[in-house]
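In the block that follows, a single chain appears as structure tokens, in the form predicted on its own.
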Amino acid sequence: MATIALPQTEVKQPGRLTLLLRYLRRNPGLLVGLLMLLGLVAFTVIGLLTVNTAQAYPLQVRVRQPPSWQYPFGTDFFGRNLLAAMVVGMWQTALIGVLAGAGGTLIGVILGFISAYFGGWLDAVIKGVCSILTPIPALLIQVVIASSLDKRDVTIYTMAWIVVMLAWMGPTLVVRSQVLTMKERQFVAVARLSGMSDLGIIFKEILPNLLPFIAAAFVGQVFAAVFASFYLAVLGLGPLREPLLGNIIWAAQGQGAFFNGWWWWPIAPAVAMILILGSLALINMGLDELANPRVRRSE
């Protein structure tokens, strides 16, 4: 009796873009965070192209002007166009966050791999330093360091350096714990038996699997760096001449903006900081769900 061969249907796997859109549909918080961040980026880029950024500095426009068609965010006591100050300040705040976040994440990844993969006394030293420094409030150390510097020498790059000094401990512990788990898995053992070098195993086998964790750690460090630069500037410990969002609020507080009826002065930078930190927090939570299989939602 002859058998009839049924035609086999090929199952088409969804592409990366399709999987990304499905994930965003399941995770509206990440989508909202990305849209908020894209809106802030668009505001900054368009502002840099259309606004006279020289007006972000003192003695450029009429002082204490309320919001109007000419000055949508008004002007402050020092003769700055607050729209121009917002555009420049958001760019500078983002630069501090990205530089400090990237530096802290890079140092954390390197130290985490060294500690977990090679072990021994290196692991003991790195883990011990992190265990000692982690409980100390970062705000206290950053305030002490920033207040000890000459205000004329403080720049946005100096602020990024101050934040980086304490931004590597979190990524180090996260990467260390993940590498400790992954280096015991079967695919690493197979690579080691095949004669692959330690660097080959790290860069070709372990590191690609850690990219979601590293991305989440980077966004978290950018959030922490932006927040740190904000509160240091609000305390008057930032580059005072630069229109950082925290500096604008610090100057408004020093001149009694609300008591004098200049309500528009601190409103715009405060709303901008809420949007920046809110978008980064939503993105960080979304990436954490993507990186952590224990909380990842199923299709």
Partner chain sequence: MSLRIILKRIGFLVLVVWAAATITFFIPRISPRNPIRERMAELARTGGFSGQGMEEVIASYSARFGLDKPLLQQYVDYMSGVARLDFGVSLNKFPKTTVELIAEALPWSLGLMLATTVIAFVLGMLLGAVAAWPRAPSWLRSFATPFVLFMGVPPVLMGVLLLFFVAFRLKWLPLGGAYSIGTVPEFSLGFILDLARHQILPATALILGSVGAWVLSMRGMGITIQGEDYVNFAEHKGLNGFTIFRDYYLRNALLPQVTGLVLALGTVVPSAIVTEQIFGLPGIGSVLNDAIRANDFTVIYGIVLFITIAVAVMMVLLEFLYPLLDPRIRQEA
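Positions refer to the first chain, counted from 1. These numbers were taken from a predicted model, which means no experiment stands behind them.
The next section is about a form of this same protein that is not shown, the form predicted in complex with its partner chain.
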**Study point:** Contact residue in the predicted complex, chosen from Val61, Val51, Val32, Leu235 - any heavy atom within 4.5 Å of its partner chain
**Key:** Leu235
Practice item. May I ask you to choose, among Pro66, Gly254, Gly39, Pro28, the residue with a heavy atom within 4.5 Å of its partner chain in the predicted complex? Key: Gly254
Point to revise | Location of its partner chain contact in the predicted complex, chosen stretch of 91 to 99, 177 to 185, 145 to 153, 207 to 215 [non-hydrogen atom, 4.5 Å] | key: 145 to 153
Review point. Can any non-hydrogen atom of Phe43 be found within 4.5 angstroms of its partner chain in the predicted complex?
Key: no
Point to revise | its partner chain contact in the predicted complex: Pro135, any heavy atom under 4.5 Å | key: yes
Practice item. Please check if Pro239 has a heavy atom lying within 4.5 Å of any heavy atom of its partner chain in the predicted complex. Key: no
Check your understanding: Is Tyr71 close enough to touch its partner chain in the predicted complex, meaning at least one heavy atom pair within 4.5 Å?
Key -> no
Review point. Is it true that Leu140, Ile274 and Leu277 each have at least one non-hydrogen atom within 4.5 Å of its partner chain in the predicted complex?
Key: yes
Review point. Quick one: which residues from 226 to 252 get a non-hydrogen atom within 4.5 Å of its partner chain in the predicted complex?
Key: Phe227, Phe230, Tyr231, Val234, Leu235, Gly236, Leu237, Ile249, Trp250
